[in-house]
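One chain comes next, on its own, written out as structure tokens in the form predicted on its own.
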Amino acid sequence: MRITSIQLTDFRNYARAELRPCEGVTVLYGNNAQGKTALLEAVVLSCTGRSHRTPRDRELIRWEQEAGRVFVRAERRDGGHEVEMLLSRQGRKTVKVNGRALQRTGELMGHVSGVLFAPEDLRMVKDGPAERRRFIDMELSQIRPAYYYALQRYAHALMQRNSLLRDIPLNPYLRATLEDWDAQLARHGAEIMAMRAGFIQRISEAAHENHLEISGGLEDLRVRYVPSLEADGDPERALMSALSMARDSDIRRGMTTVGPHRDDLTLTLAGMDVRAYGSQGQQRTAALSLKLAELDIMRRELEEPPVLMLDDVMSELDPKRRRHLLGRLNGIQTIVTCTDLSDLAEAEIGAAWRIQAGTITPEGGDGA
């Protein structure tokens, strides 16, 4: 897959801009807070329908403007794909693919595919379960639209059940309706758990191989799925039983305490939790290994490589990790941001653009 054009109108700090990435490595360089990450954010938006930086679409619109637009054109094995996002402060965004407005965001998946690696990905290793679930959800949704829809259905049922839990102390007769929502949570939750288990197994294998290579065979990274309950071969029945047993506790707390929204991953080196006991370097390597594993899996699943986006990560990596990452770029369209081109001295750069105050200027050029 290759992106041929990224067009922005009143998006973040861009009034109007277009970037045409080359087939190989495209570098966006300049000082911080000039708009480099916004270009990658526009690609992520076209891949998944949402920003990786904020859940609020209105924050994507340029200051004092009422609407914004992102347009991304890509070439895939099956031909051209055009994704357009129309953002509005007054309502929901409109998503179009090849000029046709989509009724469901899930229809967006698979038209533009990308993997983003940014310094904040270290949070997958260092922070709580929510960051690791987010990693799973963002990537699995791109290769399995059915997963995206299962997540939506589960989230709706969870919201309704939680609302009901908070109402029951005031209206005890509502307790009788809990079983219907439990059944919906169990059905959609079982779908999510099954797809997560398969995906994480593949991630674990690929991350293990990547980590061995980066560490020179010295470290053994293992990734394990930790669901909020043991399914014993029938996740729907197990989840239904767990929800039933937790009802009294859930009513007291006003929230649902079991289900995929409480799942986690564990990352271990030699059996030790990387989050608790890993050094900063080991945590960085684990995060890099996970991202490269994600790239490997998407490449196999889609039968073509996704675009790889590296947001100011080169300066965060030591020379060994940097060389390993650069060695993986062959045949993959890559968009890299950095503050200084010297961070990419070892890379074979196809094109470089300077980003300054929402303006894109080709290296050696006068402005664009």
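Start at 1 with the first residue shown and count on from there. All of these numbers come straight from a predicted model, not from anything done at the bench.
Keep in mind that the form predicted in complex with a small molecule is missing from the display, and what follows is about it.
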{"property": "Residues N13, A33 and E59 all lining the small molecule in the predicted complex, heavy atom within 4.5 Å", "result": "yes"}
{"property": "The single option of R299, R69, R53, H324 touching the small molecule in the predicted complex, heavy atom within 4.5 Å", "result": "R53"}
{"property": "Heavy atom within 4.5 Å of the small molecule in the predicted complex - residue from V307, V44, A38, M314", "result": "A38"}
{"property": "Segment assignment from 59-67, 299-307, 328-336, 314-322: heavy atom within 4.5 Å of the small molecule in the predicted complex", "result": "59-67"}
